[in-house]
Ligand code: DC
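Here's a solo chain for you in C-alpha cells, the form predicted on its own.
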C-alpha cells in the first residue's frame, strides 16, 4: 500500500501561513449525517487535503470480494490483506482511490460495496491494516479526516474535532434520495433497516467503536443545511486556532 506523493500543492491558505505546523481536523459520525459532503466542503474551504477513511474501507472490501472473501467470512486471510495494492491521491476537498492501476473511486460507491465495507470494518485485522496508512498522511499535509474513529483512534491529538449526528428518520431519508439519484430503486423501510444495522455494527464492534470524542464539538444536522453546518464548523475552527478567514 502506498500514497501518491506527487501531489501539487495549492497556494498557502491563511491558516497555513499563520499556523505553519500540520493541522488535522476530524469529522466523525454515523452513516447518513452528511460527513462526506461536509468534510469535502470544509477541506476545500480551508485548502486542506481530504482523507476519506470510508473510501479506504470500501476499497479493502472491493479487494476482498474480488478475491472471493465474503463479508461473513472468518477469518480474513492475512495473505489477501497483504496483497492489497491501494494507492490514494489526496486533493484539496477530494480524494481518488486506485486498486492497482484501476481508478475505483466511482466503483466503491456502489451500495453493495458500502454494505460489505461496513461488515469488514468490524474486523480487527482490517482496521489495523489501514491505521498507519491513515496516520502517515498527517505528517505530510494539513488534513480534514472524515470517518467513524478519526478523532478517537486515528488522530486522537487532532487540533479540531467534530462529531456530526442526525436522527435516524432523517438519515434514512437522505440515504434513500441519494440512492435514487444514483439510479437505484430503494425502499425507504429497507434503507432505514440497513441504516439501523450499520449503526449497531459501528457502535458495538470491539475494535474502534463509533463514539464522540470527549473534546469533539457535536453538531446535530437534522434540521441544518450543508452551508449552515459548514458555517458552524468554520466559526469553531477560527475560534480554536485564532485565525480569521474571509467569507467564501
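From a predicted model like this one, the values you see are computed outputs, not experimental measurements. Positions refer to the first chain, counted from 1.
Form predicted in complex with the ligand: not shown, discussed below.
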Original post:
Check 58, 147 and 150: does every one of them have a heavy atom within 4.5 Å of the ligand in the predicted complex?
Top reply: yes
Subject >> Partner proximity in the predicted complex: residue 53 to the ligand, non-hydrogen atom cutoff 4.5 Å >> reply: yes
Subject >> in the predicted complex, residue 212 touching the ligand (heavy atom, 4.5 Å) >> reply: no
Original post:
in the predicted complex, does residue 135 have a heavy atom within 4.5 Å of the ligand?
Top reply: no
Original post:
Heavy atom to heavy atom, is residue 109 within 4.5 Å of the ligand in the predicted complex?
Top reply: yes
Subject >> Single option in 143, 117, 88, 158 placed near the ligand in the predicted complex, where near means a heavy atom within 4.5 Å >> reply: 117
**OP:** Scan 45, 192, 198, 63 and let me know which has any heavy atom within 4.5 Å of the ligand in the predicted complex.
**Re:** 198
Subject >> in the predicted complex, segment of 67-75, 119-127, 165-173, 99-107 with a heavy atom within 4.5 Å of the ligand >> reply: 119-127
Original post:
Listed by sequence position, which residues of 87-103 have a non-hydrogen atom within 4.5 angstroms of the ligand in the predicted complex?
Top reply: none
